[in-house]
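A single chain comes next, written as structure tokens; it is the form predicted alone.
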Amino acid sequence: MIEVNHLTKRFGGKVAVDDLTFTVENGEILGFLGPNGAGKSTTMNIITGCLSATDGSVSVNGYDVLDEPYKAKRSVGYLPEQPPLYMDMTVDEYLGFVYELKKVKLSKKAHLEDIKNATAITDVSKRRIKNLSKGYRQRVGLAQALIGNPAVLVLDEPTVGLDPAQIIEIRNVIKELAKRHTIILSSHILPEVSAVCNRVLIINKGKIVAEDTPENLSRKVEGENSVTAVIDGDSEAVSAAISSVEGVTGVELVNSRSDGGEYLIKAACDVRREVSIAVANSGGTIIEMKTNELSLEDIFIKLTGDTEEVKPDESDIQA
């Protein structure tokens, strides 16, 4: 659906995007992450046709953004970090304006009603945008991106500035939209990316430093599987049984509890099934067992070295 090949963007002597290559498959939600100045917003602006590349190519829905810009742009709905709203218009007036601007051929009334229903803004459609809450303004911004039924949605910080309840509302809307659209989502709220996205792409200083599912990234960065288990039984017998399992590289009793000992088990692969059998054979009982995975925040810091709060990528375009 989206193909980015050897994409490079320079602003004078600064390289904002450095030879990026990646694809986004049909129906996928890609989380696009990076610290300030990493090149996220620059890349998204090139994908949407708002900015030209220095080198490389981008195609959307089979159309090259440079060679067939009109067809490529018709395939993309874009919600920038600051939604392009006209505050003195009502919601209906604004959506009608965007409909005409995009030269959409679909039935106007039916199409806009579908979009308002999808973004849950029907109840405020007669109100002026300046009188809406931040959450509803984001919804209206999302609605304008949907006009024309684009195959691809590019959402740059869609929940920035929202309160927790509003974030959950927008997140649920995005999940529903993913059933009909391919989505690239940039966000500095890392738990949000974990909750919504199928795959994560992390860039730093214009280069890709990681690309995989959040779960697989955790395993790759950690370098081994780690399991915490609470086991009721003789500690020496339990430790010996776990150590005998093929693939286990270490076992440690880290805490004594009233319901058993808490063990940290390290292994080269997933050994939960084999450990369960070994513990049972030793006379022990597993009370609890869970895999230990790095959070997306941990992964981000390990890969980028950025220990400061991750903020919106405002510097890309201005560089």
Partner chain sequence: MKAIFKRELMAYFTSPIGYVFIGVFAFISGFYFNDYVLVGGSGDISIPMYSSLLILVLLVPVLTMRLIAEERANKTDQLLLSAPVSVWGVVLGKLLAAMCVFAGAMMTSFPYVVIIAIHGSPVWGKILASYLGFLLLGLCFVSIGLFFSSVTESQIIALVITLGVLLASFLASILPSTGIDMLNQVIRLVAVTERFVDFRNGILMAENIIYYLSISALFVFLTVRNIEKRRWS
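Residue numbers count along the first chain shown, from 1. Small disclaimer: the values here were computed from a predicted structure and weren't measured.
The same protein also exists as the form predicted in complex with the partner chain; that form is not shown, yet it is the one meant from here on.
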Next on the checklist: Let me test this: is every residue among Gly27, His111 and Pro150 within 4.5 Å of the partner chain in the predicted complex, going by heavy atom positions?
Outcome noted: no
Checklist entry - Of these, 238-246, 195-203, 80-88, 131-139, which stretch puts a heavy atom within 4.5 angstroms of the partner chain in the predicted complex? => result 80-88
Checklist entry - Of Asp163, Glu100, Asp123, Glu176, which one comes within 4.5 Å of the partner chain in the predicted complex, counting heavy atoms only? => result Glu100
Checklist entry - Since exactly one of Asn225, Ser186, Thr182, Gln144 fits, which has a heavy atom within 4.5 Å of the partner chain in the predicted complex? => result Gln144
Item to check | Partner contact for Asp212 in the predicted complex: the partner chain, 4.5 angstroms, heavy atom | outcome: no
Checklist entry - Does the partner chain come within 4.5 Å of any heavy atom of Glu93 in the predicted complex? => result yes
Checklist entry - Might Thr48 be said to contact the partner chain in the predicted complex, defining contact as any heavy atom within 4.5 Å? => result yes
Next on the checklist: in the predicted complex, does Ile286 come within 4.5 Å of the partner chain, counting heavy atoms only?
Outcome noted: no
